[in-house]
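Two forms, one chain: they're shown below as C-alpha cells, one block per form, named structure 1 and structure 2.
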Structure 1
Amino acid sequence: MESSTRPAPKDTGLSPGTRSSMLGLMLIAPTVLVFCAVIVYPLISAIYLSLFSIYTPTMEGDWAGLSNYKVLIQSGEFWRSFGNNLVWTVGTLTLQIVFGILVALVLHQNLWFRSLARSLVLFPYFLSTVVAVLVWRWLFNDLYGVLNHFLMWTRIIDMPIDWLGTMPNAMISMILVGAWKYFPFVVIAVLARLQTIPDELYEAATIDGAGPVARFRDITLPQLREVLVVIILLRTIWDFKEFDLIYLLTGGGPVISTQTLPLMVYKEAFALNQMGSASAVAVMMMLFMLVFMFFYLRKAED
C-alpha cells in the first residue's frame, strides 16, 4: 500500500474542516492586510480629516466638527460642482450608451475585416487618458486644430470655435471626449451579450412576421435589458468619479463652469490648501455615489 509509506499528518488536534478553513484564512491574509492599510485606514481617515480644519503644507490643524460640511452646504461652488457633475455624467453616459449600442449592432453584423474593426473601436478605451486628452486638445486647437478647419471647409461654421474656453462649448466638448473614450466599454459588453442571443429567436420572430425594426424592439432590446442595467450602473459610478479627463481637458474651466466634485476635492486640497474641507467634499461625493454602489452591489449578488 502506498499510503503506508506516507508520514501520518501531524496531529494538530483540529478537525480537518477547521484545518482547511485556517489555510483559507492564511491565503486571504495578505489581501486583508493590504486592504486595511491602503483602503480601510485611509477611508476612515478621510472621514476623520473632514472634521478638522487643516492647512495642507504643514499638515496641522484644529478640530472643526461639522463646520466644514456646514460651509459646503451653504457654498454655491459646491452645488455648482455637483450640478456640473450631474450634467457631465448624464450627458456623457447617454452618448456612450446610444453610440455603444449602435456600434455594437454594426460590429455584430458580418463585416469585412470584422476583428480589425473591433480592435480599432476598442482602442480608445485602453488608451491613457493623458494621450486621449492631448490628441483632442490638438484637434480642438482654435487656430490650427483640424476640427475647426474641417467644419469651416464644409461651411458648417464660418468662424473658428473656441471649443474649450467658453461655455457651453467646454461642457459639450468634455462630454464628447468622454463619450469617445468610454463608449467602447458599452460596445464590449453589448457585443458579448448579442452573441449569446440564440438565432432561433430571430428565426421564430421572422416566421411570425416581424420585420427588422420589430425584431430589434421585441427581441434584441429585451435581451439587452439586464446587461444595460449593469452597464449603466457601473458607468454612472465611474463617470461620476472621473478626474483625469476633466482635469486635463478643461481643468474645470472656464472658471468653474466644468468643475466637478473630484476636481473640487483636488482644488481644495492642493490649490487652496484646505485639506479638511477637501475631505468633506470627498465624503459628500462618496455619499452621493453610495446610492449607485448599493444598487450595483445588489445586482452583482444575482
Structure 2
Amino acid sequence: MESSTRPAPKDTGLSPGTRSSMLGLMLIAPTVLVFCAVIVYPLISAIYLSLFSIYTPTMEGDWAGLSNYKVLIQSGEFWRSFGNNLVWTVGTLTLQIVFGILVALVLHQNLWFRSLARSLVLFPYFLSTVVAVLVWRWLFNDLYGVLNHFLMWTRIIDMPIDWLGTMPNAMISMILVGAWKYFPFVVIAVLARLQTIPDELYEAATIDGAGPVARFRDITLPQLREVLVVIILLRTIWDFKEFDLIYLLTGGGPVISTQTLPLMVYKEAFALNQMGSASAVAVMMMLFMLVFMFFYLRKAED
C-alpha cells in the first residue's frame, strides 16, 4: 500500500503575523465599506453641499463658501427653531425620566399582574409613529376630539380647546405625546438596573429605621445614577434629532412655533428647494449633537 504524502504549502514569503493581519483586514473590510457608505459619505456630502447655493430639483448651483452659515447665524428662524428644539428636548426628556422611573418602581414590586403590565408598558414604544400620531391627533381634535369632549362633559372647560393650532398648547401637546411614546425605553433600562440592586441594602436600611423616601434617596437613586446618565445622553441625542413625530403632529406650526431644526432642514431642502442651506442647518445640528456624543463616549470609556 503506497503511503500518501501531503504537498508542502506554498511559501508566500509572508510571516504568520502578517497573514493574520491581512485576514483580519479582509474580515472587517465589508463593515468598513458599509460604514463609509452610510455614514462617512453622507457626512462629507452634507459638509460639501453646505458650501454651495444649490437648487434641489437640479442639484446644481454656485460656490457660496461660508455664506450659508453666515445667513443662518443671522437668521431669526434658525435660532427660533433651535430654541424650540431645546424646549422639546428638555421637556420630553424630563417627563420620560420622571414617568419612566415611577413606572419602573411600580413594576419592580410584587404585583399579581406584573408580567402583563411589563408587556403592556412597552406598547407605545413599539407602536408605529404614524399610527400613534393619528390616534393622538384624533384625541386632540378641537371639534370631535375625545379630550375636549371629556373636559366639557366634566365642566372643566366651557369651549373646545385648539390643542395643536395655538401656542403654548401645541408645544405642550407635542411634548406629552413624545414623552408617552418614548418613556418605555427609560422603564426598560431602569427596571433592568433595579433588579440588580441587592435586597440586603434595603433590608439594612429598613433595620436602621429608613423609610421609603429615605431608601429611595440613599439607595435607589445612587444605584441608578450610572444608568440614568447613559439614558439621558442617549435620549437627548435621539430627541434632539426627532423629525417624524413632530412633523406628523404639528408640521412645525402654528407658523414656526413648534418648528425644530430637523423640520427646518426638510423645509429648506424640499419646500424652498435650497439644498445648500438645508445642508448647512444639518451640519450645525451635527455640531450641537457632537457635544452630547463627546460626553456619551467619555462615559462609555469609564
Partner chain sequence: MAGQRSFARKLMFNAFAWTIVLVIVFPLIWMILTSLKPQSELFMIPPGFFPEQVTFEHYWRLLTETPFLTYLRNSTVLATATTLIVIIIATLGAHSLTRFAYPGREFLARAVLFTYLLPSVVLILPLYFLMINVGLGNTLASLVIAYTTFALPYALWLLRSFMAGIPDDLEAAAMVDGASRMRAFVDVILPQALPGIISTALFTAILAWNEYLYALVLVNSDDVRPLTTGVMSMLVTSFNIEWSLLMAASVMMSVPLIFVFVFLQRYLTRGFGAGAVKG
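Residue 1 is the first residue of structure 1, and the numbers go on in sequence order from there. None of the values given here were measured: they were computed from a predicted structure. Only the largest set of C-alpha atoms that superpose within 1.5 Å between the two forms is called the rigid core.
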| query | finding |
| --- | --- |
| Form predicted in complex with its partner chain - structure 1 or 2 | 1 |
| C-alpha of Val291 moved at least 2 Å between structure 1 and structure 2 on rigid core | no |
| Per-residue C-alpha deviation between structure 1 and structure 2 [Ser21; rigid core superposition; Å] | 3.3 |
